[in-house]
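In the form predicted alone, a lone chain appears below as structure tokens.
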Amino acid sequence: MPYDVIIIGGGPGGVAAGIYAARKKMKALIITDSFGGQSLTSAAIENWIGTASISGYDLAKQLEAHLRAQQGIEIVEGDLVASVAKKDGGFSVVTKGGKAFDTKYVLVTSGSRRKKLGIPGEAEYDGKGVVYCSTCDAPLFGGKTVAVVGGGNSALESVVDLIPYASKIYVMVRSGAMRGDPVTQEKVKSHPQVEVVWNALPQEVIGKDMVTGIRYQDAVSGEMKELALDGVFVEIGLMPNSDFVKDLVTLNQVGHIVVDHATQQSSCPGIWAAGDVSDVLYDQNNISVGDSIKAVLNIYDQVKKGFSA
């Protein structure tokens, strides 16, 4: 007998969806590599509603425990979805581990992955001064010197997030121009705490126990230079984890699944999406949770009607 819904992803949105699906007595399966999503590496999350501060690790453990406390929910952990294909009455979901499941509906909450610099020291100091979410971690850098790597809107928004906290902010731009909104550019460039470093090609994150600086090459002169820092905010974009449904649903230019934001339904009947993998305006845990719950409630409406994809 097929599942009513398979939920793909174990971040806050996927867990919320699993809890609501279980409480609605739906036959539900959640498939995830691990729990917690991108927040897992955050040293302190201070905008998770109802909790003043919590580490990403502790949040992941709480989410998993809450999910496992539900009766009826089935969980496949330590695996990723390789493909989703249409079949009579629903979909076939196949994992990279070779497991196959049939379901009436699919909810994609697989999130996105941060683009990495791919330079020495980045992985070593991830969570030790190298961070990927200014909204989450800016308050941890009060009175500190930081660099924001990137020249697009996400980088500029990170600078705005950091201005109330950091004492000095370098913006490292790979070229001689920024790509972000002109109004935000002017706000950033004119602020006394901010210094733009043009034509900066990051080469290595340096540190001891924590980040102490970044080494970069001047793209014009070729000269190698260093900045003394307490933190490096990498803001060079996100990549949605949507490849396994790319042939079934409409994606935007970046690869996000385009949804009806009233219901979270995609262009393919029977597939919903929520969180960072969807074309949501703001990538936030709390928003992902709300949108995922909205999607499950809409799926439950379809289950009651007896609709099948």
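One-based numbering along the sequence shown. Every value quoted in this text rests on a predicted model; they were computed, and no experiment measured them.
The discussion below concerns the form predicted in complex with a small molecule, not included here.
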Legend entry - Answer option from Y170, F91, Y216, Y132, heavy atom within 4.5 Å of the small molecule in the predicted complex: Y132
Inset, instruction - Could you spot which one of C136, L156, A166, L229 gets a heavy atom to within 4.5 Å of the small molecule in the predicted complex? - result: C136
Inset, instruction - Using a 4.5 Å heavy atom cut-off, state whether Q284 contacts the small molecule in the predicted complex. - result: yes
Legend entry - 4.5 Å heavy atom contact, I257 and the small molecule in the predicted complex: no
Legend entry - I31, heavy atom within 4.5 angstroms of the small molecule in the predicted complex: yes
Legend entry - in the predicted complex, R114 touching the small molecule (heavy atom, 4.5 Å): yes
Inset, instruction - Counting only non-hydrogen atoms, choose the one of 175 to 183, 146 to 154, 197 to 205, 106 to 114 that falls within 4.5 Å of the small molecule in the predicted complex. - result: 106 to 114
